[in-house]
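What follows is one chain in structure tokens, specifically the form predicted alone.
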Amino acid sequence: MGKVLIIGAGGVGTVVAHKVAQNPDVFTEIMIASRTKSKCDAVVKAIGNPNIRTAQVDADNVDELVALFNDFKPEIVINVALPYQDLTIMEACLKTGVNYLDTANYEPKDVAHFEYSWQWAYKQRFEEAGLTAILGCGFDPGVSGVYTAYAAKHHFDEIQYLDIVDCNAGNHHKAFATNFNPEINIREITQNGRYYENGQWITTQPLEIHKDLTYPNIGPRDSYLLYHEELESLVKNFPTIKRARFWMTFGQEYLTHLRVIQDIGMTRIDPIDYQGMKIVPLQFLKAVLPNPQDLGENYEGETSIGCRIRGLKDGKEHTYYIYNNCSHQAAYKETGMQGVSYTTGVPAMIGAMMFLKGLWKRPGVWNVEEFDPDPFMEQLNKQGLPWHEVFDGDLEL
């Protein structure tokens, strides 16, 4: 049905490649490209499909991207590179007539700032080019938005309160490691928290607000309020929302390591002079921490991510909790990657599938909740991320 180009060969890119290769009726030709071609070749070897092509590309370089796109001529690019590279890849798509999908919003390298404005600014250009750009099609952002759209379509006349909850109850048996790119992960959780209430954004200190929440099959876990980019699009696309928040679990040992790393300046993102060279402390830290791709083999336990929603249906208040639990070991057995990579990579593949099937095909720049959630939800059950619903239970929030 379609040619797909995957940019990025990290943990998420590896999962995307595996899942794309499992659906040959939709993805008829596949290429994986990365700054390091040998990583792409290793993914292809692990999948065992010699028909998957690989290429080297610098995703910061528009001209290199344009040359690659013109050579392979994909119908859609799945961008699972770094968020810094979203705009260069979008530019290359516009120059070559290629459709676009990513899993995380653009952020500039020099400041940890998360918002969609840079990418939303491309809306008219993609419309005029007749191209579709699908933003934030991982799990959160991604499935969290699809869950919300599904709830709005089927269970509520008015969504009023939305809490996205993300628990990783797994154990990788490392003293300290991040589950995805350490640089992006640490930038995200060391920033101020932010949530939406009654038409305003309220800022909190980093990890200031936390409470125990109970996760299915896991139990209570200390959950911290963070800012997450999907809140920005969800309150825009569902204007009845009175309050929207995002919560993530962290263990005390993780937070202790993080506090020490911050206190000694290793989370800084500004360059410092070291023996006549400029280095960014956080990038150096990334180089010495365990590679998230290597965590899967000994990873035990599971993740649990979902949406807890309160609102009105036929004039009565109802609650609704929709979630997925994902086993790290099952994810590793299937793709060689741990559950955090799996929960991001599977939805990215499904989003590209939705586009190639013509179900999510609309010129412009869109967040996932702006499309019909039903066919996506159907594929989540088929592709390894089954979902579960709790009606009128205690949301604890």
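No experiment lies behind these values; they were computed from the predicted model shown. Numbers follow the displayed sequence, beginning with 1.
One more form of this protein exists, namely the form predicted together with a small molecule; it is left out here, but the text below deals with it.
The putative spot formed by A9, G13 and D60 is fully lined by the small molecule in the predicted complex; each residue has a non-hydrogen atom within 4.5 angstroms of it. Although the partner is absent here, F139 sits close enough that one of its heavy atoms falls within 4.5 Å of the small molecule in the predicted complex. Taking the partner from the other structure, the small molecule in the predicted complex has no heavy atom within 4.5 Å of any heavy atom of L162. In the predicted complex, no heavy atom of A244 sits within 4.5 Å of the small molecule. Shown alone here, I184 lies within 4.5 Å of the small molecule in the predicted complex, counting heavy atoms only. Partner proximity in the predicted complex, defined as non-hydrogen atoms within 4.5 angstroms of the small molecule, places exactly one of 254-262, 215-223, 102-110, 125-133 at the interface: 102-110. The contact residue chosen from A92, C326, L82, A151 relative to the small molecule in the predicted complex is L82, the criterion being a non-hydrogen atom within 4.5 angstroms.
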